[in-house]
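Below, in structure tokens: the form predicted alone, a single chain.
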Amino acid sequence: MNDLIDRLRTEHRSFHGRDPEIIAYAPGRVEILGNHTDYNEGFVLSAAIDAGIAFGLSPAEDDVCTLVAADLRESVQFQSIDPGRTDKERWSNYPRGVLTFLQERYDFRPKGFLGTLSGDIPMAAGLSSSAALEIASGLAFSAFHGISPEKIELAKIGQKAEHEFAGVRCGLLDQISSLFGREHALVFTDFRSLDVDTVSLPEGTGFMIANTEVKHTLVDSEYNERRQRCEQAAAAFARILGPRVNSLRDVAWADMLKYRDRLDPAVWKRAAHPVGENERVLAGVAALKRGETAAFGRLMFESHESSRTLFENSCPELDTLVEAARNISGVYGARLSGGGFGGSIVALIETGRAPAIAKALISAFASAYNRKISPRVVVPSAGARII
């Protein structure tokens, strides 16, 4: 992180001719268990990682906001009082949306600024660079205007920006993970109550990310279709089981099996994934608290198989890496991470065997696709903050 902050300061001086007065940092996240359960009011285990977005601000002399994406060498200008959205520099829609909804929620007079953002999260790798940008900009804008949102409130503002300015109906997983991360621990979130806790990882374990470089853009993917199917299933179960069902959180796996013939087959398949995931998350928390690393790893493999066959949000490249991971010594479990349809797998590993594990994954992927990947160990890290 220190290198990223130093780079941000240098870029800010280069573009704006002065040092940033405020710097905020927000990490990306890796989803460990609980795929597509967040918007179904379920449970998720995730982690903030040791890569993120840094966002720096200095005051402008007028109401114009100048924002530079240093890594893209692009800049954009807009009015502080009405940031609006754009179809050109789409990366700017995330901070534009955050500033808009912070104003709406806290009723302050926005000021013009000189802003710079820079990051070290691989783009389109399922590590949520978008949420990191929302949270980093939200923290910076809040400090800049003298307001102090609660973490959950800031997460909701980031989510609203993604919904209305970026067009992705995301849940709150990514924003919460970025805000509530803790070193060498997983973030356990109940997405009905929005209660957040952390669960420590066993000593000697960590995670490895392997990015397939298959690009996925959630706006253009089938993410929204999957969510619609889940909502249809919840409505069907409310008719079958009565008013106790408000979301798929209230449906057990036994219900899925018992009433399978009462649902459209396509709706059943999509709903079966988050229902099963909820049970896997709770089993995973219990396994970690007992120190049963191998049991937790098996749940990760089961999760990927559910993604592959039921939710169908995997892809051949992800499947190849997960299958290879099953046969690598020192790997406890592996699965896709994030929305799916591309991006990365995450593997729970013995950290002492990381070099050999990376080499084996590289070899398996090269044999299948004649392309090189660059697996990296990711460290569960502290959450977003003002630097």
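On a predicted model such as this, the values are computed, not experimentally measured, just so you know. Note that residue numbering follows the sequence shown and begins at 1.
Only in words, not in the display: the form predicted together with ligand GLA, which the text now covers.
Visitor: In the predicted complex, does residue 172 have a heavy atom within 4.5 Å of ligand GLA?
Guide: Heavy-atom contact with ligand GLA at 4.5 Å: present for residue 172.
Visitor: When the contact criterion is heavy atoms within 4.5 Å, does residue 46 count as touching ligand GLA in the predicted complex?
Guide: No, residue 46 is distant from the partner.
Visitor: Is residue 332 close enough to ligand GLA in the predicted complex to count, meaning some heavy atom within 4.5 Å?
Guide: Residue 332 lies outside the contact set for ligand GLA.
Visitor: Taking 4.5 angstroms as the cut-off for heavy atoms, does residue 344 touch ligand GLA in the predicted complex?
Guide: Output for residue 344 is no: heavy atoms all beyond 4.5 Å of ligand GLA.
Visitor: Among the candidate stretches 350-358, 54-62, 319-327, 25-33, which one is within 4.5 Å of ligand GLA in the predicted complex when only heavy atoms are counted?
Guide: Stretch with heavy atoms near the partner: 25-33.
Visitor: State the residue from 91, 144, 78, 223 whose non-hydrogen atoms include one within 4.5 Å of ligand GLA in the predicted complex.
Guide: Only one option qualifies, and that one is 223.
Visitor: Need the contact residues for 317-355: heavy atom within 4.5 Å of ligand GLA in the predicted complex, sequence order, or none if there are none.
Guide: Those in contact are 338, 339.
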